[in-house]
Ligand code: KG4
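Just the one chain here, the form predicted alone, laid out as structure tokens.
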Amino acid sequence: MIVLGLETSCDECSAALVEDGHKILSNIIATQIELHKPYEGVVPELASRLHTEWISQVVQSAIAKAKISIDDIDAVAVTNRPGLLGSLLVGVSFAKGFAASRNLPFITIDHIRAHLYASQIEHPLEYPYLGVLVSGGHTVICRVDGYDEIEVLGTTIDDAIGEAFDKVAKHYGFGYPGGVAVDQLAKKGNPLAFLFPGPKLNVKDHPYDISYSGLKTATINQLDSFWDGKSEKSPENIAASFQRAAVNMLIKRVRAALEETGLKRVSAGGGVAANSYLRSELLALQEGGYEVSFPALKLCTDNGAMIAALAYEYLKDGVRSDFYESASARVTAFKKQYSK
């Protein structure tokens, strides 16, 4: 089965063709980064307008790259939540039209679930495993018992890890996108120049929850309070110290969750899963006998391949969406997405 996957939830316009859930025939990602760079953040109106202008050509490019005929496509999948509503509607509308005009099965996909599934495309793990979703809008630690069986163990109570990276980078003028800029600067800095504290939360009922607002505030407004008194207050040192604190907060909770649940496998997904320090810290878990899996770097960002691959699992089980389904900007509860 060849599935066309479309992703337009934010500022990436992507179309991919994936065969039987694992063979990526093409994965075209048209990024809008340069067009949003002057604003140091994604402008929703601009994003949706660019999706409207680009999506047809992106789909055509994906079909050409896959070296297949349009008649070889067996189903259409599209992100319909969560994200920027205007951007989502562009993808959903195009997917409905494409599927209806060719009488193809159509299914909508939650791209949060797709990020959690992305590593399964090329480096599949046996269920169950601990899933770690880290992106600009979400930070979630969860137990994954199947492609549609996810139990949230902990999540951010305020800012997502990616948002904290972006806000710190914007304040100090590190560059855009913020996560990439911080990662590159941190490689040249001293991670102990500033000893930022971790959050103090009531962990009795929610031991794996996390907060990034305090770290963000400390890095931006209270730098001198955590300075070692001798290191240079350079962009490299600020970035390295912030990144160390942000990642170590998460890793502490991941280790605790693995120990309590007894799970021996862990997978990370989302844009921040491309961060070099996070990847190295998760890989260090292998020393304790844990199996660790990441998506390829291109599959960490929003992309159509993860949408098509996850859709294949639903389609294989006979799940379809109705054409009356629309887009939603909000995150849905992590219960089963569809009833079979």
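Source: prediction; values computed, not measured. Counting begins at 1, following the sequence as shown.
As for the form predicted together with the named molecule, it is not shown, yet the points below apply to it.
Contact annotation for P295: none of its heavy atoms lies within 4.5 Å of the named molecule in the predicted complex. D110 falls outside the set of residues with a heavy atom inside 4.5 Å of the named molecule in the predicted complex. The shortest heavy atom separation between S135 and the named molecule in the predicted complex is within 4.5 Å. Taking the partner from the other structure, the named molecule in the predicted complex has a heavy atom within 4.5 Å of a heavy atom of D183. Interface residue among A62, L282, A47, C300 relative to the named molecule in the predicted complex, by the heavy atom within 4.5 Å criterion: C300. Among G189, G91, G179, G131, the residue placing a heavy atom within 4.5 Å of the named molecule in the predicted complex is G179. Only one listed stretch (117-125, 161-169, 260-268, 69-77) carries heavy atoms within 4.5 Å of the named molecule in the predicted complex, and that stretch is 161-169. Annotation for 267-281: interface residues with the named molecule in the predicted complex are G270, G271, V272, A274, N275 [heavy atom within 4.5 Å].
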